[in-house]
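Okay, so here's just one chain, in structure tokens, the form predicted alone.
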């Protein structure tokens, strides 16, 4: 299920910053041991990200997004890492087979990750100064005073007020939005080429969500980073991503330039995610459109398309055969569906307006 070089399509939605290929993932497969059996968490996933490009990865909870992200960083438990297959190349270097010592040198300067929950990502018993200074001293060779001054600059860069005093506080003394800004500061402290943002706005109110996403966009543009923006909400990536990959039951089911996806989505699951986005134009108390059924269990995957039991267009073939990734009419647009959405479901929709609708701006 190898995707084309999507980095060349990066100018579709962003600011035309996409450059040479930074990350290429080929046929990534991850199995997790559990008490119920072997979990097929990620299945044959392939994509690429260019310098200065944002790839949005969208899917429900349990679709394999976070496992995939942690696999790129080699942060899975040892029992899971041993069951990882496929190729992960960062700036042309194969990282899937590196030792832990070699990976530690890459984490921070080459690639960094923003985790879902900023409270659990930060050590509750260490002051912010310690947590910000550690990567600066370890990777950049700064002494304690240099690291402290740089840490204050980082806090100011991510919009923390009164950074000189805040730096000696503990995580519990900050709001959720401020803690997330600290996590971003730590991730960016060593100027990584690739930033993996795993649900960076989880549990934040809508106004703070927009502030965090605007901050990430600004910092990425200034630093020309490649970024994976992982979320369950299509509205979040609508105006933030150059390309969007939709993930379901551990597989990519559709990938396309952002504007192409919103105008001519092909997979029924993508359509269902789009229809579930709340819109400020809807009357008050409008019931949100949910996706019927439940995501499949991944211990013993059923034959056929994983979305078939929930799909309004499914036919007998869908329950027997697993659809391969095929090209749509537009360049860089692929989907895995025997009976794709025919009509341009989102034709006329301006992706840049979706986040505004969600935030009420």
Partner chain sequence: MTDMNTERQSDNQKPAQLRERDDIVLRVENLVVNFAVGKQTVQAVSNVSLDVARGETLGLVGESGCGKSTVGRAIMQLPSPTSGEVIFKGQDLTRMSGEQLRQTRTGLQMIFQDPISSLNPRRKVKDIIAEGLHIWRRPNQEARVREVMEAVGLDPDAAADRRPHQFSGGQCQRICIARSLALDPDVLICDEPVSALDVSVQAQILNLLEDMKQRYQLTMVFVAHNLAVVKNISDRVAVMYLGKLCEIGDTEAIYARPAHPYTRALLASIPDIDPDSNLPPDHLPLLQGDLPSPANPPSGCRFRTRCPHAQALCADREPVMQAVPGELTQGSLEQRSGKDHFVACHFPLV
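Positions refer to the first chain, counted from 1. Just so we're clear, the structure is a prediction, and the values are computed from it rather than from any experiment. So that the term is clear: the rigid core is the largest set of C-alpha atoms that superpose within 1.5 Å between two forms.
What follows is about the form predicted in complex with the partner chain, which we do not show.
Trainee: Which residue, 36, 326, 302, 331, has a heavy atom that falls within 4.5 Å of the partner chain in the predicted bound form?
Mentor: Contact check passes for 36.
Trainee: Quick one: of 137, 91, 74, 169, which gets a non-hydrogen atom within 4.5 angstroms of the partner chain in the predicted bound form?
Mentor: Filtering the options by heavy-atom distance leaves 169.
Trainee: Using 4.5 Å between non-hydrogen atoms, is residue 146 touching the partner chain in the predicted bound form?
Mentor: No, no contact at 4.5 Å.
Trainee: Using heavy atoms and a 4.5 Å limit, would one call residue 291 a contact residue for the partner chain in the predicted bound form?
Mentor: Although the partner chain is absent here, residue 291 would touch it in the predicted bound form, with heavy atoms inside 4.5 Å.
Trainee: Does the partner chain come within 4.5 Å of any heavy atom of residue 309 in the predicted bound form?
Mentor: Flag for residue 309 set to no.
Trainee: If you check in the predicted bound form, is residue 150 within 4.5 Å of the partner chain, heavy atoms only?
Mentor: Residue-level check for residue 150: no, no contact with the partner chain.
Trainee: Can you check 138-146, 189-197, 111-119, 93-101 and let me know which stretch has heavy atoms within 4.5 Å of the partner chain in the predicted bound form?
Mentor: Residues of 111-119 come within 4.5 Å of the partner.
Trainee: Which residues, if any, of 45-68 lie within 4.5 Å of the partner chain in the predicted bound form when only heavy atoms count?
Mentor: If the 4.5 Å heavy-atom criterion is applied to the partner chain in the predicted bound form, 45-68 yields 59, 60, 61, 62.
Trainee: On a rigid core superposition, would residue 123 pass a 2 Å threshold for CA movement between the shown form and the other one?
Mentor: Residue 123 C-alpha, core-superposed: shift of less than 2 Å.
Trainee: Given a superposition on the rigid core, I'd like a yes or no on whether residue 137 shifts its C-alpha by 2 Å or more between the shown form and the other one.
Mentor: Shift at residue 137: below 2 Å after core fit.
Trainee: Any CA movement of 2 Å or more for residue 182 between the shown form and the other one, core superposed?
Mentor: The answer is no, as the C-alpha of residue 182 shifts between the shown form and the other one by less than 2 Å after core alignment.
Trainee: If the CA atoms of residue 151 and residue 203 move by 3 Å or more in the predicted bound form, do they move toward each other or away, so closer or farther than here?
Mentor: So the answer is closer.
Trainee: If the CA atoms of residue 185 and residue 203 move by 3 Å or more in the predicted bound form, do they move toward each other or away, so closer or farther than here?
Mentor: Note: Cα gap between residue 185 and residue 203 shrinks in the predicted bound form.
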